[in-house]
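The chain below stands alone and is given as structure tokens, in the form predicted alone.
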């Protein structure tokens, strides 16, 4: 029987949570790297025992860890992330030279075929690549050399590159999302990039339809239909049917179109999940009721899923990396909250159980479906 492994990053360490295919009983191991913020853990699709973890500490900085054995043990790999041209040709708004500073790694995207190849999104917004399992990292500097980079600005969480997607049918086509710059697409494996924000409207910008400056919270795609992209934006749930060339709103009947995560069902590319929160200033569920919303029509209509979730006086948030799905049938959906609760559904969101109630604030949730 297949099994499931959850990789959990929190404000005070990492946890590895496992269950068999029934997904009723769960075992929690950790914390690993106790006391460190672990922004993201990601397992390699090419080698399920290979896991990469990004840990950060206010005093000790950024550290990348790698596990060869599914999270039982860890080793530190190279942590040298060097910007090419850290000052560059651009200026800040006040006319002073712009210096890019590396602060942390927000996101990993391991290659589907090679466990040694991993893309990493950083802050300040930059894309890095390792082809030797983390022994060395090189900036893919074509992104920061985009003509609009002088207009990029940090969102509330920093100027973070938090999403990296690769078209599984054409690995030369890639997407990144930056807060608060927007979406960028590459057709040549990351050498050059083009803004992919047409159709986005952000009223807080001087030009609401500007080429860049949009605060995108998360992107998602399904491997069978990579030309269809979904976005949770700073206000608005969006969909692109042409690989990011244009976007249109699909917020429909959601009680709020503000949130952070967005997830596509692993077997049905038209089924999408979001978790709305009250507003950009009130980061808690609408009316204090924690509900996941599911659309089976690509965002045209949404239905609430709250069976087993707190339905009164719930004031937690769910961050952009903190929702994921397994590949079993029916699929399991998982998410964690800033209050330390970890929830699971073994029936595509129809009902929920609580795996853990008192973890540190959860920053990321990833799922490995194991044979």
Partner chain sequence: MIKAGPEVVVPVPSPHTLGNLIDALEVHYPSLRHTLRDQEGNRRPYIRFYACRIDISFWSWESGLPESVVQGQEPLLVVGAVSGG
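Predicted, not measured: the structure shown is a model, and the values here were computed from it. Numbering follows the first chain given and starts at 1.
Just so it is clear, the following notes concern the form predicted together with the partner chain, a form of the same protein that is not shown.
Screening 167-175, 72-80, 236-244, 114-122 for residues having heavy atoms within 4.5 Å of the partner chain in the predicted bound form returns a single hit, 72-80. With the partner omitted here, the residue from 46, 63, 314, 28 that has a non-hydrogen atom within 4.5 angstroms of the partner chain in the predicted bound form is 63. Remark: residue 248 does not count among the residues lining the partner chain in the predicted bound form, judged by a heavy atom distance of 4.5 Å or less.
When contacts are judged by a 4.5 Å heavy atom cut-off, residue 209 does not count as touching the partner chain in the predicted bound form.
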